[in-house]
Structure formats: C-alpha cells, structure tokens
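In the form predicted on its own, a lone chain appears below as structure tokens.
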Amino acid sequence: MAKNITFIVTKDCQLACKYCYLVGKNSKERMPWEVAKQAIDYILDHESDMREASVVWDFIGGEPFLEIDLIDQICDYLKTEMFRRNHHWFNSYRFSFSTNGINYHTDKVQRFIAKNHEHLSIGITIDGTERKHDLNRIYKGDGRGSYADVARNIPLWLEQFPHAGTKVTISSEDIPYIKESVLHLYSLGIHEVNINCVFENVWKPGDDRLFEEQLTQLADAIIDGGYYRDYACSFFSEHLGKPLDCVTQNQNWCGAGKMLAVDAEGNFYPCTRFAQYSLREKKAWIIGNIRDGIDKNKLRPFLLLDRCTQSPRKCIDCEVAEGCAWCQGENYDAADTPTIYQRATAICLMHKARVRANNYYWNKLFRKLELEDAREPYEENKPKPNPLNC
C-alpha cells in the first residue's frame, strides 16, 4: 500500500469547469517554497508514523502545472532528502498529476517530464468529444471551450505515457454525449477511460433512465466493434452490483484519514476535499500544520469509518451495493451536522442505472464469446479471449 501525500500548490486555474467541486479557486493562494520545504521536512522527520512501503507525491490545484517551477524544486528536494536520509521511500515513489493539459507542451513542463519520467504518473482530463468537453470545461472570463487547446497535446502525452488513462466526469447536462465521447477518446488513442458521476446532488428526474440508455448504447458499440479486446471503460466491471456483507465486506470506499494534504498556509488535512476551497457549507477540517505537527486526535473519527458506520439502512441492505462509490468530503459537506458519518446518497439512482447497463454489457459479451467459441473448431492451444479488459 502506498501513502498518498498531496501538495495543493495553487488554487488558481485557467478553467472554470461548471461541475468542479473546488468552489474557492482563486489566483492569490499559492504555496511558498518555505511552506513546501517545512512540510517535506516534517513528513520525512516522522518516518515512523508513515510506514507504508511506497509513497505517491501528488500535486493538485487548481491547475498544478501553473506552478511548475515550485513543483520542480519540491521534487528535487524530495529526491535528495529521501536519499540523504536513507528513507524507506527512496526509489519507491511516484510523482502524480491530474492536469487540464493546457500547459502540457510548454518547455518547462517538458523539461520536468524528461527529468522525472520514470517516476511520473500524469493524467490529462479530456471529457470526450468537443461538444461534451466544451459544455463544462470552459475558460474563466470569456467562457470559451478548452477542447482544442487540450486535444493538441494528447498525441505528445500518449507518446510519453502510452498506457495513461483519462478521467471523464458526468453531470446532468452531458449525459446525452456519453457514448459518442467514450468512442471519441478511443479514436484519439486513449485505451483507458475512467468515468465517474459527480457526487453532488445535481441530478434531475429521468437522468437515471437517460444514463442507462447511453450506457446500453455504449455497451453495444464496445462489444459489436470489438473494443473490449484492447480498450477499457470503468463503467463496466464484473465486480459491480451485488449485495455486500457488513462483516466481510465492510471497507470504507474512501481513503480520507489515511491520506495527507497540505495547503499554501501549511495546514494539514485528511484529504484535499476537507480544505476550505473544496467545501460549500462546512468549515475546513484541519488536522494540524507544519509548525505544530499532526494532531492524531483529530484523525480519530476516520479510524472507525466503514460502510456500515456511515450508511443509511437502505444502503446496507441494498441488493446492488457493490461498486457504489462515495466521497468522504462530500459526505461531510452535505451532512446535516459537521459529521463524516452521514453518507450522501445523491448518486443512488445513477448507480442502479449503471448496474442495469453493466448487467446488459456482460450478458451480451459472454453470449458473443460463447457463439464465437461454438463456431470455431476446437484447438487445444487456442488462446482464450479476455473479456476483463473493460
């Protein structure tokens, strides 16, 4: 298991995506080098408190590559300090980024990539077709779409990270474009498309039925077109839509409390979703700072989090509970009181629609594979198709 440590290097971004959960983005709060260095020193000084075998140093914003000079300095310091201290994370680490892709081609970003390539994970967010992408991912100020500026950098990104996947976000307005968008991303050469519905309560009556229709059409396209052999779409999974047992399958979906995030002021959080710029209704959940350290008492509520301690009875007894996701920060923000033990259920109908489409997908795929096997002569060493790519 890897420890996830996030630097909120800036709260600024070129875009004003309509579905973004970061409600407090601004151009003023940028992490100073002195804060970043103190955070690193504190974390590496407390090696005994973070015994995970590996670490993911995550950089987010806003848009992290707006602060590429700071990030480069942070990463150089991390590498030299982990080596100097003979830290158990030395040579067992990743630098991780989720970027809007606009600055990906710039000289500074490319020099950083060349220097750290073997330890980098970079995902560029592109939402699908130009129509779908530009529906939400728009520039702040003039509101124009960002698709063209992102798409031009996809070939370079895939050349450098051929196995990288993208993340697609679904909100109410862009449901009609799911099928065409996934196929479009495949056509760009992206083999892994990770999709999720926003956790916020944005859904309208009938969205779940439209969602199911789109996923069913996508299932037909993936199977009939043979994409399942080489391409992945996270909406379809064999491990989805079964009942769960609170004794043997009671894990928490979210890693909040096990992760660590630090912001420009040097405050520590159990996850970036507990920072103030991520919250609509609640106050930030600060667990410490770079001067006083982490207050473990403020992490205690997270130690008891599991599916049953935070779920209503309908979720515990749900016959299709497996694979239903939640965000601990959204649970906290949407709760009636300042608690992390009240699960937000806004995506309930969307999850059930996904399960129905997922059942359709696997039934159709296995029928197809059975028919193919029946038509072809038996060969002892014939390789079997692998339907688990999707």
Partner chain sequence: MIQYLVILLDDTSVSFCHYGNAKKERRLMPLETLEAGILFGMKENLNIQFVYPAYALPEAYNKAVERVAHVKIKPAAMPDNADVVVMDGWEECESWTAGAGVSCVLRLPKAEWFGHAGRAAALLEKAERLNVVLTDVETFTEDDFKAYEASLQELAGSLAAAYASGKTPQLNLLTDRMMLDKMNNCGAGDTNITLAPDGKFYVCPAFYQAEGGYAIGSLAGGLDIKNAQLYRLDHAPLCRHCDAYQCRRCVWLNRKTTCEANTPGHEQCVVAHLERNASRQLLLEVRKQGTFLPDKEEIREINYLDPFEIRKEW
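Just so we're clear, the structure is a prediction, and the values are computed from it rather than from any experiment. Positions refer to the first chain, counted from 1.
As for the form predicted together with the partner chain, it is not shown, yet the points below apply to it.
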{"item": "Site check 79, 91 and 112: each within 4.5 Å of the partner chain in the predicted complex by heavy atom", "value": "no"}
{"item": "Partner contact for residue 306 in the predicted complex: the partner chain, 4.5 angstroms, heavy atom", "value": "yes"}
{"item": "Residue 337: touches the partner chain in the predicted complex, heavy atom cutoff 4.5 angstroms", "value": "yes"}
{"item": "Non-hydrogen atom contact residue 285 with the partner chain in the predicted complex at 4.5 angstroms", "value": "yes"}
{"item": "Contact test in the predicted complex: residue 229 vs the partner chain, heavy atoms, 4.5 Å", "value": "no"}
{"item": "Which of 352-360, 28-36, 50-58, 338-346 sits within 4.5 Å of the partner chain in the predicted complex, heavy atom basis", "value": "338-346"}
{"item": "Single option in 204, 84, 239, 300 placed near the partner chain in the predicted complex, where near means a heavy atom within 4.5 Å", "value": "300"}
